[in-house]
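This document starts with one chain, in the form predicted on its own, laid out as structure tokens.
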């Protein structure tokens, strides 16, 4: 007698009838729930194997295979208990246990392959092995099924059950993951196990045979049900407890790691197959997104700049610099360090440490800027200027064009610096740089070479016409007054031009020739420009030679002093002399002070020259029997020496001249630069008994304030005023005002440059104290005044012989 498990009909209908008509639906539902719970637990345990290695991975794989095998085995036999064939049934113990072990072992093999062999394909292969294990367990368990008859199998359904199980388990392991993907995979795995079971049940028919009896050694259904339930609960409980304990430990570790990550200045990003799984606050701040918005983005595609993206996609990122792209489109320079920590089963997990380089790059740019530019004006510095000039000359050679160099000095800048201080001088430099920028063409390069020296490179164009036009624009820009400490001050500029490669094929030569032309412009009158001419170079060499010869003249005592007498206007009595240095060159003849004194100032020889003049004048005056005073000018450089009083004291002691006979003349500009220091220095000089006179009074910016700050012994009216008292009413008014001021302050007044009797008469009528000038005497050697000063005859003869 044939007893099929399902009625005849279509294949799907047959399986359906097998489930509904021949099974207890309640137990079928229970089996499905056991299957779903065990599938979910097994896949969660399988997910825990990812990221582990060694014994830890093997431990989790064992729990996975145990949960999956026992759960599948329990599902099978609960479903078998749901079967109602109306026949006595039992299960052969050995085969029943064998089906359990086969389920655990085959699933362990499949899960091991899916977790350990690396490529994503192995997850699908491992899933297929798991499906095959489900089929092996099912049909082994069916062999343990004992009924009073024979089991007959229909091959088509058997094959269909196996294909269904293998395919669905492969899909389940292929798509499993976290969250939603885990739920989907669990459902597919449940469908695979249940589908294989019930399709397999539809494949079997029972042929009754009265000669076959169910053996007494068979396990009864009730006993089997208790064992199955107990075993399943124990195994699933162990697996669930392990997961809970591990999850709790992982949650605590992740919390500690998150606290550490959030406290880290660098950005931290964790990705899986380039998808951002997690990120700390520093990274989110870098890209301008919340953590929720950042998670799920593609790290390479959505966050990295093109260069970094290319390297990352090639898998070559270990330590690299590049840009991140913020949500607003701006870029952030960063350094990225990448480490892979899980490449198993087609999973590519990486952790990225990202350091924000914005401050570092800004500092580098600042350092580079400072290395290439002048800090005060922001213009190119000398080193950068030289590089640009070399490039411009090389380009001019290649293209057959020209390049112009303009050297620029600010006129009267030193006076501004001395009168108003360095802060005011810096403000003038900044304003001058701003004005010159506006005069430049689009390709011109402006640099500050140092102090008040500027230079411009003008590449290309028609030369020298282009350079001349540029020089005129610069001079025009400098023409309006500068506002300095509340004063309107005229500055102006002197400019020298040279054109390369005609005036110089090397940068140094071209710049030197422009500087030579600048010197000519300054010597011929300020606020002008000159183009370089070959003869200028010889003049410059001549000037350098003169400077060397001046150094030798000072060292070998080859200079002389001329003395210009000073008279009391009212009594016509000689009251003193002013010492003036002279240089009679053995080959060049007489060289005027207007030539060699500026050279001494430019070459730094003015201190040695001033020291020689002071010592010589004091020694000469000490030899006179008539104790008239001797006046000596102090240069600004001498006055800047903090030990000037000690130097003067040493000279007075060396020469034996009383301090009361020495009168030092200082200009107002040396005082204004640092008035408190200047007043202190002058008081220390007066403590030696020395008299102090203000020279060139009336030509400065704040003479009255200077007189108020320090009570001079004498003030000297500049020759520019004295020479015009017969022709200009304004000069008359100025001289009268100075004389009145001197009387009011109790200071003597000396008039310089008296050349006519009319000037002398005016001064006498205005009660001027003293005068000097060509009207009385030109500067002459002291021998010319031997009788007046009582020069000893021996000294006079020696001096004449030396002359």
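Numbering follows the first chain given and starts at 1. Keep in mind that what you see is a predicted model, and the values were worked out from it rather than measured.
Keep in mind that the form predicted in complex with a small molecule is not shown, yet the notes after this line are about it.
Visitor: Looking at 73-81, 487-495, 576-584, 729-737, which lies within 4.5 angstroms of the small molecule in the predicted bound form, counting heavy atoms?
Guide: This holds for exactly one stretch, 576-584.
Visitor: Would you say all of 633, 638 and 752 touch the small molecule in the predicted bound form, counting a heavy atom within 4.5 Å as a touch?
Guide: Every residue of the candidate spot has a heavy atom within 4.5 Å of the small molecule in the predicted bound form.
Visitor: Hey, in the predicted bound form, is residue 773 touching the small molecule, heavy atoms inside 4.5 Å?
Guide: The answer is yes: residue 773 has a heavy atom within 4.5 Å of the small molecule.
Visitor: I'd like to know if residue 597 sits close to the small molecule in the predicted bound form, meaning any non-hydrogen atom pair within 4.5 angstroms.
Guide: Close contact exists here: in the predicted bound form, residue 597 approaches the small molecule to within 4.5 Å, heavy atoms only.
Visitor: Counting only non-hydrogen atoms and a 4.5 angstroms cut-off, does residue 593 reach the small molecule in the predicted bound form?
Guide: Output for residue 593 is yes: heavy atoms within 4.5 Å of the small molecule.
Visitor: Counting only non-hydrogen atoms and a 4.5 angstroms cut-off, does residue 402 reach the small molecule in the predicted bound form?
Guide: Close contact is absent here: in the predicted bound form, residue 402 is far from the small molecule, nothing within 4.5 Å, heavy atoms only.
Visitor: May I ask you to choose, among 613, 628, 90, 692, the residue with a heavy atom within 4.5 Å of the small molecule in the predicted bound form?
Guide: When the small molecule is considered in the predicted bound form, the option within 4.5 Å is 613.
Visitor: The small molecule isn't shown here, but in the predicted bound form which of 719, 649, 181, 373 has a heavy atom within 4.5 Å of it?
Guide: If I apply the 4.5 Å criterion carefully, the residue I get is 719.
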